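Presented as structure tokens, the chain that follows is alone, the form predicted on its own.
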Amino acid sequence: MPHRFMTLREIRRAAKTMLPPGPWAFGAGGAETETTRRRNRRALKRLAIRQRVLRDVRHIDISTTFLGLELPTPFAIAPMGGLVLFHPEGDLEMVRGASPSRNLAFVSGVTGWSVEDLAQAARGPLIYQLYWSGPRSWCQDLLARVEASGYHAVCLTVDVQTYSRRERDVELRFDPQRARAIAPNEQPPEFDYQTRLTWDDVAWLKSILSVPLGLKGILTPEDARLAVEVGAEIIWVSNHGGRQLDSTLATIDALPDIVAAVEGKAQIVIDGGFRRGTDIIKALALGANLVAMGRPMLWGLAADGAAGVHRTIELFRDELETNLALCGQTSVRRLEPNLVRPVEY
């Protein structure tokens, strides 16, 4: 029996058809002029893959290792808030969609369900993305629950010092915070607590965790070095999908300098505009260990719940395997920077 969806574009179209204007704008949009959101895509398109031929590509390996975890793919589901706006069971259904393939999923710090409920629903590995939204006592209690539930790491998001102006939402008079009234999880006490965070807070966070610590929202080599110095094991190159600071760097443009600064002392995750298997190849070649994807997985959730998420993962797997073979590569673990080259068109 043929699959309901045969391409990623079909899934996106189905999601747009099914969603009301407000949730669609919230999921698809960015901050202010959306320059950063568009720049992410333009920067990826500006990189060409160098094609090698006459190589034995009968066996393609897209598995990888991340933080000691053996993963089936080098891509993961990015953390996203407000998932109840896209499916009645939101975050639960998202981790269910990752479960058949045991793909890594990042759980949002503003999840609509408890960290315990999500851990119970998942059959694959989970990592928790922290929004530090309360005093240290609140943070410590939450992270104790995260660790007890079996999450493999915690990534603190550091680029939401304050909430950006997302003009698609503003023009529609759409308040994404309505998701809090729908989902059952208790909400953080003080979301603007993050305005006061400094590197001293990161050092404290590192001191209380028994699982690896990551920082999400790094865009400069200076901050990458500071993150390594404070003990971060994950450096997450992210501009929040173009949803926070407008007119900042595309993540793929920021990646090479950050890789050089980290010097292999931490694992590197990247997100921002990744829409096809070829995009994943480019990031891995330039030094990322893992690519996190948000919007494509979100459209899968909206289009067909867990089945739509699972189908999105399958299509990315197919694209990645096909395009690795076509460029003469047999393993995602052996991609090198000379595989890609900037072009003018």
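Treat the numbers as computed from the prediction; the structure is a model and nothing was measured. One-based numbering along the sequence shown.
In what follows, reference is made to the form predicted in complex with a small molecule, a form of this protein that is not presented.
**Student:** So if I measure heavy atom distances to the small molecule in the predicted bound form, which of the stretches 117-125, 223-231, 142-150, 80-88 falls within 4.5 Å?
**Tutor:** Residues of 80-88 come within 4.5 Å of the partner.
**Student:** Please identify the residue among 293, 49, 43, 315 with any heavy atom within 4.5 Å of the small molecule in the predicted bound form.
**Tutor:** Contact residue from the list: 293.
**Student:** With the cut-off set at 4.5 Å between non-hydrogen atoms, does residue 103 touch the small molecule in the predicted bound form?
**Tutor:** Although the small molecule is absent here, residue 103 would stay clear of it in the predicted bound form, with no heavy atoms inside 4.5 Å.
**Student:** Quick one: is residue 235 in contact with the small molecule in the predicted bound form, heavy atoms, 4.5 Å cut-off?
**Tutor:** No, no contact at 4.5 Å.
**Student:** Although the partner isn't part of this model, could you tell me whether residue 258 comes within 4.5 Å of the small molecule in the predicted bound form, counting any heavy atom of the residue?
**Tutor:** Close contact is absent here: in the predicted bound form, residue 258 is far from the small molecule, nothing within 4.5 Å, heavy atoms only.
**Student:** Quick check on residue 157: any heavy atom within 4.5 Å of the small molecule in the predicted bound form?
**Tutor:** Residue 157 belongs to the contact set for the small molecule.
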